[in-house]
Every structure is written in C-alpha cells, then in structure tokens.
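As a starting point, one isolated chain is supplied in structure tokens, in the form predicted on its own.
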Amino acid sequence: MSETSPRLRGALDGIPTYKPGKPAASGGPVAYKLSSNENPYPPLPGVMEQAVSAAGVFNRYPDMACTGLMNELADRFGVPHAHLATGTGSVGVAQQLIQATAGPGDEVMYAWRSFEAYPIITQISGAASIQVPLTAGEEHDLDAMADAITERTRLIFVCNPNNPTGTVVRRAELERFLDRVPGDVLVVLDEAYREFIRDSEVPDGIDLYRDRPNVAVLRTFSKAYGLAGLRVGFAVAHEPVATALRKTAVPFGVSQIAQEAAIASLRAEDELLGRVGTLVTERDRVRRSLIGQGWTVAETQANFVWLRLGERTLDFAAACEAAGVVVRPFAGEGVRVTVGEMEANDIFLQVAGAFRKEA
C-alpha cells in the first residue's frame, strides 16, 4: 500500500471550521437552544402539508430551475426571473458568488466580526480575506472599508443587520459607500435578518440593487420563515451576476420539499408578520432588561442580542448552559444570544443579571 496521500489544495491549510450553534443538551434541566438564530416557532400554517406532499415524490429529482419558487419571488419582489438565483441557504449562494468572482490573487472584503462563514468560503476559493474592524459601537466602518479597496478587490460583503452584533447600516451611509465602490467590484448586501428590521432608515437592499449593476442582495428562508432545516435561500442581482450564480450552483441543490415549503411560506405572510412582530417585541424586552442590569448592548435589528464579554465569554456561556440555555460564544470576544421562547429568554436574563453582579 502506498504511503503517499492525495495531493490537496494548499488553500485549505488552516481553514477555520464553521461552528454551528451548540444543541440543547438532553437530560438535566430544561434546555433551550439560543445559539443558532433559529425561529422558535413551528412551520407556518400550510407549510408542513406542502412539505409532506412533496416528500411523497422524493424518489425523483427536484425541479433544478426552481420554477415555481422563482415565479413566486419574481412576483413578490417585482424583479425579472433573469435576476434571481437560488441556493442552499443564503450562505450557499454567498459561496457561489465568491466562486464566480474571486480566486487566487483576489481579495474579498467584509467587516469583522461579521458572519462566521465569510472567511471560510473566501479561503476555499483561494482568495484573500480583507477584514475591516467594526467601530467601537459594533457597526460597519464603511469609510475604512472604502479606503481598503484595491485593484485586487473583487467582492465586498455588507451584512445588514450584522451577524453577530445585530447592528445596521442606514441608507445615507450605505449609498455614500456604494458611490465610492468601483463599478467592477461586486457589493453583496447580506440581508438574512431583513424581516426583523424596524428602523425606517435601513434601506431595503432590493431598492438599491435596481439601478446599481454591481449590487446583489442575499435573502434566506432560514430565519423569519423558519425553514432552517430545509436549506433554501436566494439572490437578487443583475443578469450577468445571476447567470454566474446559476452556473456555479450545485445541480439539484435545493430539494423539492424546500421549494414547496418556501412557496407556502411566502403565501403565509400574515402569520409570518405576526410571529416576527412577537419576536421583535421580545427582542426589545430582552435588550431593555440587559441595559437595566448595567450591560452595554448595541441596538439590534435582528433576532438576537450581542454581549461583548472579552475573556469572560466562555465563563458566561458555561453559566448559561448550566442554567438551561445554550448561547453562541465567540471566544475572547462575546456571546450572541438568539431571542427565543419567553421562558428561555427569562432564564438567560436571570443568568446575565447574576453574572453582572459578580463582575
């Protein structure tokens, strides 16, 4: 037997591993998972029925063109079919965008800290990550990002609201930034948490894309729509970019079950808005309570809150888990806590209050 191993790409050396939110433990105290920004509600009315019906034919390949879903999205957002592309969650589409734009010698830029997958999918492509630190207020420093653009820059992610801080970029500053970006650099507005925004100054990325050929918008059904386990997201972009996305897509990547569930979810808008409204109310209650305890908490427009804890991050996460809630720690930086069931949020707040008093 040969002792040599297959020759793999050097770009994979040292690549960070994506760390999913830790699941709630079985046994012991009642455990709630507040680590993955999942929607705590079950599927919207009618969605389960559509998914079960679609499951009856999963011996067949799904519609690779996602025709029904594309029709629904085109009507919903008033965009041409040629400007749409689907993928396995918005992160899958984000990886396709990098594959289509960047390779060795190129640069992909994003704020840091931001979505944990950005450095992973960038390194897989062989491109270099340009990470621009957030401001002291946990927000994108768009001026610094514009200053960091070089002739090697191919793609820029703007996560709005930003994961994991929940902070947003407002219209005036975003338009000023876009005006500074060269037309041959793709700006991707990652709007996975768009439905939770209540700040009227935060623009809808689809409005901005319409007259800017170098802007693409990412959306997902994983968060507000509650389809995290089915992996379906989409991009809205001008035709050359959308065409490239379809070229880089994994064939048959979005299952028929996911397609039918997404269509049914789009048609259940009234119920969706009610659920999102309840979560927003809970989000604001959680943030006010934390501030009342003495924490500094950035204003969040997502379905989570961010606590910067530095070296005490892992201790805080352990205290939460011991009490029955699992949060998402970023060692040495802070914790992101999903807004979940009221009972879970109350447990988290109790831990936060006690931890604050010990500080």
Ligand SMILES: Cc1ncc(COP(=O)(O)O)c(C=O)c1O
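Fair warning: this is a prediction, and the values are worked out from it, not measured in the lab. Just count from 1 along the sequence shown to find any residue number.
Not pictured, yet referred to below: the form predicted together with the named molecule.
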item	value
Triple contact flag 163, 190 and 231 to the named molecule in the model of the complex, non-hydrogen atom at 4.5 angstroms	yes
In the model of the complex, residue 90 touching the named molecule (heavy atom, 4.5 Å)	yes
4.5 Å heavy atom contact, residue 255 to the named molecule in the model of the complex	no
Partner contact for residue 216 in the model of the complex: the named molecule, 4.5 angstroms, heavy atom	no
is_contact(residue 196, the named molecule) in the model of the complex, heavy atom dist at most 4.5 Å	no
The single option of 167, 259, 220, 96 touching the named molecule in the model of the complex, heavy atom within 4.5 Å	220
Interface residue in the model of the complex among 115, 209, 225, 110, criterion: non-hydrogen atom within 4.5 angstroms of the named molecule	115
Region of this chain that lies against the named molecule in the model of the complex, out of 120 to 128, 155 to 163, 201 to 209, 270 to 278 [heavy atom, 4.5 Å]	155 to 163
